[in-house]
Ligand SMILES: Cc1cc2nc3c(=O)[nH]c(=O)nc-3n(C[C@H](O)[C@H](O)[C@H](O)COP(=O)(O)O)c2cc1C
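A single chain comes next, written as structure tokens; it is the form predicted alone.
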Amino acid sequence: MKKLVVIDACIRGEESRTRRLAEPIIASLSKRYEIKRYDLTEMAIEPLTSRTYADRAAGIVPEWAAEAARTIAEADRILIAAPFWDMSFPAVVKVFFEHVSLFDITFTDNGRSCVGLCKCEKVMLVTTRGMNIPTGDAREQATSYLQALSRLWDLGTVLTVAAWNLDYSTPEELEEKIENATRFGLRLAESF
């Protein structure tokens, strides 16, 4: 069975609109993929420091980071469930990627440039945004960050499923926007 990595950064837990959007898509994909889930809100991941940077330079990395890097490198698909947060996604997502961006696991170099080592072909970002910021807007940096990371690690195409302007919608409009985005995500999941 093919492997799907789910990176969950839904900080509001069960109250998360992003999780409401993501879970039906994940459930649909679970019929075709073996899922490994990283719930970043439960992992107590700390930013890299001068100490952890020195450890990394000496080849010492946290075991969880090495395991996650290997899992990501072997994944067929990756789904990231993360709300819009300060023009991107919660910082814990970036910190997670910093820890698992490991030389000779997710990428290497060929003497001239970095080369990705991941076998993933598609990445799906599932997100909700309170503000009226559609995907591709200059104020929305999550998609462009993941596209850049995809080029470094060789992750393939980045697809974004988003519902936006939720904070300025009536309860009925909010429900309609989440339902429409869920339908769109389920259609993408068919060929994901």
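Note that the structure is a prediction, hence the values are computed from the model and not measured. In this text, residue numbers run from 1 along the sequence as written.
Here the subject shifts to the form predicted in complex with the ligand, a form of this protein not shown in this document.
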Partner-proximal stretch of 64 to 72, 39 to 47, 126 to 134, 26 to 34 relative to the ligand in the predicted complex, 4.5 angstroms, heavy atom: 126 to 134
Answer option from Leu166, Leu146, Leu155, Val161, heavy atom within 4.5 Å of the ligand in the predicted complex: Leu166
Exercise: Glu15 in contact with the ligand in the predicted complex, heavy atom 4.5 Å: yes
Contact of Phe96 with the ligand in the predicted complex (heavy atom, 4.5 Å): no
Interface membership of Trp85, the ligand in the predicted complex, 4.5 Å heavy atom rule: yes
